[in-house]
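Starting off, we have a lone chain in the form predicted on its own, written out as structure tokens.
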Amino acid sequence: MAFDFFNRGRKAEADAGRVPPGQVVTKKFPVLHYGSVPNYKDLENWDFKVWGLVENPVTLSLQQLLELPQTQITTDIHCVTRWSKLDTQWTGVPFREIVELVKPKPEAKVVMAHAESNFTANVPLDVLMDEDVMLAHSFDGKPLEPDHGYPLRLLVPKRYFWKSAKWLRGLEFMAEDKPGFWEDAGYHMNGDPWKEERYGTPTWW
């Protein structure tokens, strides 16, 4: 029993180094989002678009996305509402594959993620180029649950989780940064959990 207690203590200490300031680890996967959960009866007419400052704008079906190179990662995620979930497993298309496909122009510096219910989230292009960023379609070895973004969501582990837009429908490459949905309401433009970049100034202030 003492040995088990010792190992639990060591694990808790190790986990603490992975949790940003002000966060609490949860075993659950809380559901938080703007708008209602889309009801996709079929995905025949579903598409995903990439446009803006790119050489090759594309419109892809879900099947075409699934035919692109895939990757699987295990990573920690952190929500601005102060929960963190460790060792989450995701499968999807690496963002770098999308970049290779569309070839952003040199002036492209920021990407706006567009999702259902007119939800948007802005992320710097250099952040999206990290190897752990993907267009995720599966979680823990299974297709995403509707509450968590089925059939596709953005995954940006190094930013608060609102940047990982659910029900993703497109990516717009831009030269200049501008606020997305929550940023416009006062959330931080960058959203780095290690810097506790939770809130900024609303654009209407």
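Quantities reported herein were computed from a predicted structural model and do not represent experimental measurements. Position 1 is the first residue in the sequence shown; the rest follow in order.
Note that the form predicted together with a small molecule isn't included here; everything after this is about it.
Between the small molecule and the residues Ala115, Leu128, Leu135, Ile98, the one pair within 4.5 Å by heavy atoms in the predicted bound form involves Ala115. None of Ala175, Leu66, Leu32, Leu43 but one reaches within 4.5 angstroms of the small molecule in the predicted bound form through a heavy atom, and that residue is Leu32.
Contact check at 4.5 Å (heavy atoms) against the small molecule in the predicted bound form: all three of Trp83, Asp147 and Arg153 pass.
A residue is said to contact a partner when one of its heavy atoms sits within 4.5 Å of a partner heavy atom; Trp167 meets this definition for the small molecule in the predicted bound form. Proximity of Phe161 to the small molecule in the predicted bound form: non-hydrogen atoms within 4.5 Å are present. Although the partner is absent here, Cys79 sits close enough that one of its heavy atoms falls within 4.5 Å of the small molecule in the predicted bound form.
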